[in-house]
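The data below hold one chain only, encoded as structure tokens and taken in the form predicted on its own.
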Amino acid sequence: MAPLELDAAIVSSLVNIRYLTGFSGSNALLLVTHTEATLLTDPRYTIQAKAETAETGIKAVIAKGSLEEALTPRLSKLRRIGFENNRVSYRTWEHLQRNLPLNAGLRPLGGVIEQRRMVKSAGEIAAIRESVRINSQAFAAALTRFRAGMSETDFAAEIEHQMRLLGAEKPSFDTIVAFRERSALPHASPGCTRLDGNGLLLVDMGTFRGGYASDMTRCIHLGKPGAKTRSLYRAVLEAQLAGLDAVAPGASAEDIDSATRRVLRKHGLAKAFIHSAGHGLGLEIHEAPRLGRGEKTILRAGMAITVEPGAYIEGAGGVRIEDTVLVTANGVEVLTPTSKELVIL
């Protein structure tokens, strides 16, 4: 807070509160001054708050009414108070404005905490590795239970069932299973389409383990793929490998995106790539840095990111290949163990 000339900061994002304190409940505010940190939550979390903050020195306060009301008297001697302008609800902001001490003011924190979260600790990296392991094992297990004629929703449910059996807390996002022409929808929701006959099947999946996310996309083909499908797949795979090769400390987030686009442009697929090349992940499935055009963030060792170029042809289908990777001092470590070969069933 010193560079921002703040007396205190109010953290309202539950994800950022978990990062700073270890508290994983669904209702909390955190007040940080230069001398102490106070976590405010409600009676449902009396035991949990005490247990999760036991080794941190953070004071846990159980509020009987609203958290904003419990926070107000603790602001009485503060003047320059930071708040998460990119996270706070209007209700909380309005309450703070109405109840600030005389001569006190709110100052935006911006993404200060999110910037710190980009570089993972050894413990965070270990949690991400475990999440990646479970995710890949769930994919392999679900493939053994695939049956022709099951629906996209059926297969998505099987994938998520296997995640739970293997120890995942929950999926890190709604699992994407998209068949034939629906695979050209990057964020398709599974539907009643039956998985039979011949065609591309795109699966995008991730788990949470220890609070940390993983993310992977693989493609399956039911029946023998044709020459156009194989050519499309090879082009995206070449682009993904080029993106991985570009990952290194000192590279910019835009560099990875550019590396994938150069390959797809060479194959005449520039307009078929309609999203960024990847994103950071950790306590959230999407967090900084974003790997896209104009993104100047410099990669540093300890960042966990995805590399996921894709090409989508309306009316025909789409291919995306995605790994969770770690930026290392020497370059990149691909954490995802699952083969990138096109699976043919």
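Residue positions are given as counts along the sequence shown, with the first one as 1. Note that the structure is a prediction, hence the values are computed from the model and not measured.
This protein has a second form, the form predicted together with another copy of the chain, left out of what is shown; the following refers to that one.
Mapping the unseen interface onto this chain, K50 counts among the residues with a heavy atom inside 4.5 Å of another copy of the chain in the model of the complex. In the model of the complex, at least one heavy atom of S89 sits within 4.5 Å of a heavy atom of another copy of the chain.
Although the partner is absent from this view, H267 stays clear of another copy of the chain in the model of the complex, with no non-hydrogen atom inside 4.5 angstroms. In the model of the complex, at least one heavy atom of E314 sits within 4.5 Å of a heavy atom of another copy of the chain.
By the 4.5 Å heavy atom rule, the three marked residues T144, Y212 and K228 all fail to count as contacting another copy of the chain in the model of the complex. Out of the listed residues R164, R234, R262, R79, R164 is the one that sits within 4.5 Å of another copy of the chain in the model of the complex by at least one heavy atom.
The partner is absent here; in the model of the complex, the one residue of D255, D204, E160, E124 having a heavy atom within 4.5 Å of another copy of the chain is E160.
Residues within 4.5 angstroms of another copy of the chain in the model of the complex, judged by any non-hydrogen atom, belong to 168 to 176 and to none of the other stretches in 168 to 176, 218 to 226, 195 to 203, 239 to 247.
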